[in-house]
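In C-alpha cells, one chain follows: the form predicted on its own.
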C-alpha cells in the first residue's frame, strides 16, 4: 500500500487543481446560475460515498469468508472515509438546495436514504469501538456492513422508484442519455476521477494507520504477557 499511496495522492492533488480551475472557468447554468458549481463537489462526493461502501461490503464479505485480516483492515479504514464523503454530500446538497428548492432539508427519498447511509457508517465505527474483543468487533461490523448494503440500491434507484424532490439521474446508463451540457460535463468528469483517486488515497492512508495501531497493540499485549511470566 505504501508504494501506491504517493502516486494516488499526487494524482488526486493534480486532478483536483485542474478540476477546480475548470469549475471556475465553466459557464453558469441557465437555470441554476452559479449554484451549479456546488454540484461539482456534491456529485463526486455522493458517488464516492456509495463506492466506498461497496469496497467496505466486499472487504467485509472477504473477512467473514476467508478470515483475511487485510480485508478487515480495509473495511475498518473505509468506514470513516465513506462517512466523510457522505457528510460532504449531505452538506453540499443542503447548501445547493436552499437557493434551488427554497429549503435546507426535505424528507425526500434520496436525501433520507443518504442520511441513513451516514448513520450506518457512524454505527459501524461505534460498534467496532464498543467491542472489547477485536475479533468479535470485526465480525459484528462485517455482518452489519453487509446488512447495511441494502441501502445502496435504495439510494441509487430512489429517484426512479418514487416521485422525489431530487432531480432524476443525469447519466441514464444503458439508456444512453447524458443530461449535462458539454462545458459542464468536462469539469464534472475531471472532478469525479479526482475524487476516486482521493478516496483511494484516504483509504490507503487510513489502512496503514489501522495496521500500525494493530501491530502496536499486539506488541503491547506480548510485552504484558512476558511481564506476567517473569
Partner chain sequence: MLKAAYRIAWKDVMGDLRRRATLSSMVFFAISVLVVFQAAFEPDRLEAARLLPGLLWTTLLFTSLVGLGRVFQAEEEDGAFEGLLMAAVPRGVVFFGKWWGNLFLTSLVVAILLPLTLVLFNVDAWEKIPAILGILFLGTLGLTGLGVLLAAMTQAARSRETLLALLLLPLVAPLLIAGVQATGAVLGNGGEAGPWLRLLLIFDVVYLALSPWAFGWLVEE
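Positions refer to the first chain, counted from 1. Since the model is a prediction, treat every value here as computed from it, not as a measurement.
A second form of this protein, the form predicted in complex with the partner chain, is not displayed here; the remarks below concern that form.
Here the chain is shown alone; which of 100, 88, 106, 144 has a heavy atom within 4.5 Å of the partner chain in the predicted complex?
Result of the distance check: 144.
Go through 205, 58, 189, 64 and name the one with a heavy atom inside 4.5 Å of the partner chain in the predicted complex.
Among 205, 58, 189, 64, a heavy atom within 4.5 Å of the partner chain in the predicted complex occurs only for 64.
Kindly indicate whether 123, 140 and 157 are, all three, within 4.5 angstroms of the partner chain in the predicted complex, using heavy atoms.
Yes, each of 123, 140 and 157 comes within 4.5 Å of the partner chain in the predicted complex.
Using 4.5 Å between non-hydrogen atoms, is residue 148 touching the partner chain in the predicted complex?
So residue 148 counts as contacting the partner chain.
Within a 4.5 Å heavy atom cut-off, is residue 116 in contact with the partner chain in the predicted complex?
Flag for residue 116 set to yes.
Interface membership of residue 84, the partner chain in the predicted complex, 4.5 Å heavy atom rule:
Residue 84: no contact with the partner chain in the predicted complex.
Is there a non-hydrogen atom of residue 95 within 4.5 angstroms of a non-hydrogen atom of the partner chain in the predicted complex?
Judged by the heavy-atom cut-off of 4.5 Å, residue 95 is well away from the partner chain in the predicted complex.
Do any residues of 123-140 have a non-hydrogen atom within 4.5 angstroms of the partner chain in the predicted complex? If so, which ones, in sequence order?
123, 126, 127, 129, 130, 131, 132, 136, 139, 140, in sequence order.
Given that the distance between the C-alpha atoms of residue 42 and residue 156 changes by 3 Å or more in the predicted complex, do they end up closer or farther than here?
Relative to the shown form, the pair is farther apart.
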